[in-house]
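First, one chain by itself in structure tokens, the form predicted alone.
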């Protein structure tokens, strides 16, 4: 049986929580959620059935993750990030919209890949894929897929640079990019940034 910590006020219905994960106050995790090892889930979070969280993930306070959200290993979710899973939402109780919700054709899953960071109050629209180690700036609105190592800001989000695996912005050296902090080098190959 996994050994994790849950604050006494947390409601944890899932039995799929990895070792050394910490779940803090007033967080509610439904039965169909899978969470990996060594994660930290802040106060006042909610996770709906069908959410998948990898290992070493940090989810700060006030986040709601709905069905179809998948966070791979090492993802950082800043406070109050907004996720969606329906691009054209209506209340299923509304007679004019009820037929649309008979099946899951409305549903659009979202994938946040290994090591990516989502800044505080960013908005991630349904169906987006955020690439490995990408950084989404605070308050940015993501409306499309984001390439790995991209630094994006604004509404709608736009790329303004590249970031290192360590999280800092890369220096453009012409044909290559380098991190002043950790020294890692990268090369741009057909619009894809690759570690040298």
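Keep in mind that what you see is a predicted model, and the values were worked out from it rather than measured. Residue numbers count along the first chain shown, from 1.
Separately, the form predicted together with a further copy of the same chain exists; it is not shown, and the next lines address it.
Although the partner is absent here, residue 52 lies well away from a further copy of the same chain in the model of the complex, with no heavy atom inside 4.5 Å. Residue contact with a further copy of the same chain in the model of the complex: residue 14 places no heavy atom within 4.5 Å of it. Among heavy atoms of residue 159, none comes within 4.5 Å of a further copy of the same chain in the model of the complex. Mapping the unseen interface onto this chain, residue 128 falls outside it, with no heavy atom inside 4.5 Å of a further copy of the same chain in the model of the complex. Among the residues 39, 33, 69, 146, the one placing a heavy atom within 4.5 Å of a further copy of the same chain in the model of the complex is 39.
Residues are counted as partner-facing when one of their heavy atoms sits within 4.5 Å of a further copy of the same chain in the model of the complex; in 122 to 141 these are 123, 125, 133, 134, 135, 138, 139, 141, in sequence order.
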